[in-house]
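Given next, in structure tokens, is a single chain: the form predicted alone.
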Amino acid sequence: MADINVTAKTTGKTADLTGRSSSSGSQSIAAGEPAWDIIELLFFAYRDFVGDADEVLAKFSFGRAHHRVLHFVNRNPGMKVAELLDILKITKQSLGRVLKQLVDQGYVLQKEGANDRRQRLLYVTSKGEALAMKLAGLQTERIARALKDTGPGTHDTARRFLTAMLDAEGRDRVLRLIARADHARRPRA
């Protein structure tokens, strides 16, 4: 396998996937020049990251929108439809179509809010949780392989990099959503 070199803009040093670095400046991002290597690696990494799940979803005639809905509803039981719309940044019509399929096929439940019957709260069924966990398992295997190949400490580095890629004005909200979902999924003692 050929080494892939990535250059840190501030240091001009390159590091291959094993974490070794060199002082070659040939990979540095020139002023005004797009970061083609990173852009393309992100495109291809995303393609492969979702590709594992796409194969499973195709067996159910589901797509990536179904996956994202299952993922966030599984991680955030009782979330409001409005919250899901805000997270996914899709139209109400698109979400309605996907939700209808997931509800009709027994993967998601919609319940009225306790205080406001107009609210629609979303929950995965056991069938929905099983599918969401299967998809998360496939993606976790890919992430674990990549982190193992890149050496110690890369989980934190990857998390910091991806966090920094988020729009600054929405970053805290995303981190709170993740922390809330992590806290809710922890087993109670």
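Keep in mind it's a predicted model, so treat the numbers as computed, not measured. Numbers follow the displayed sequence, beginning with 1.
What comes next is about the form predicted in complex with the DNA, which does not appear here.
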| property | result |
| --- | --- |
| Contact residue in the predicted bound form, from 153, 137, 51, 63 (heavy atom within 4.5 Å of the DNA) | 63 |
| 4.5 Å heavy atom contact, residue 109 to the DNA in the predicted bound form | no |
| Touches the DNA in the predicted bound form: residue 97 (any heavy atom, 4.5 Å) | yes |
| Residue 87: touches the DNA in the predicted bound form, heavy atom cutoff 4.5 angstroms | no |
| Interface membership of residue 71, the DNA in the predicted bound form, 4.5 Å heavy atom rule | no |
| Site test, 163, 171 and 180 vs the DNA in the predicted bound form, non-hydrogen atom cutoff 4.5 Å | no |
| Residues from 103-125 in contact with the DNA (non-hydrogen atom within 4.5 Å) in the predicted bound form | 110, 112, 115, 116, 117, 118, 119, 120 |
